[in-house]
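Just the one chain here, laid out as structure tokens, in the form predicted alone.
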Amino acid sequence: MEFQKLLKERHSIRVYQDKPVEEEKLNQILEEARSAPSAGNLQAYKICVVKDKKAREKIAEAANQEFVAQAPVVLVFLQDPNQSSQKYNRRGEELYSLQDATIACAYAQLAAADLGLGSVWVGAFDEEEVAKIIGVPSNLRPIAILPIGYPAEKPAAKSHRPLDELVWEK
């Protein structure tokens, strides 16, 4: 899909068809997430792929967003501060690893849309509970949840703030 068209046609999807995501498509999404730029190319993040229905239901509860459980695949993006702090000290630990995880999530979201799949970025959730559900070490921090599946809705396009409210020149 042409990039501008992809950006215009991608919408947050909160209703999914009862249809699995093919492994080839999931692997392509993960490969494209891995291609995201990162500070010093350290890729200071991890991705947990959650397919288990009970785990998805628990994550949905931790996010207080039931639709998360509907998606056949849920990706949890985690910040790996230790990976980045080795080269960039405190700034790497606090900021660069956070940015790395979020950029990878954005790439995964666009890759999913390009493959005809829907997703929605979920940032509101109980971090400790999600970490417990997916069994991550204490040095990793869940940053974003990305449910992915075949859309069962076609949301209308949303308006965006005008550029003059967001951008200025100096």
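Residue positions are given as counts along the sequence shown, with the first one as 1. These figures come from a predicted structure and were not determined experimentally.
Although not depicted, the form predicted in complex with a small molecule is the subject of the following passage.
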* To do: State the residue from Val122, Val50, Ala62, Ala111 whose non-hydrogen atoms include one within 4.5 Å of the small molecule in the model of the complex.
  => Val122
* Using a 4.5 Å heavy atom cut-off, which stretch among 50-58, 65-73, 127-135, 22-30 contacts the small molecule in the model of the complex? -> 65-73
* State yes or no: in the model of the complex, is some non-hydrogen atom of Ser12 no more than 4.5 angstroms from a non-hydrogen atom of the small molecule? => yes
* Find out whether any non-hydrogen atom of Lys158 is located within 4.5 angstroms of the small molecule in the model of the complex, and reply yes or no. => yes
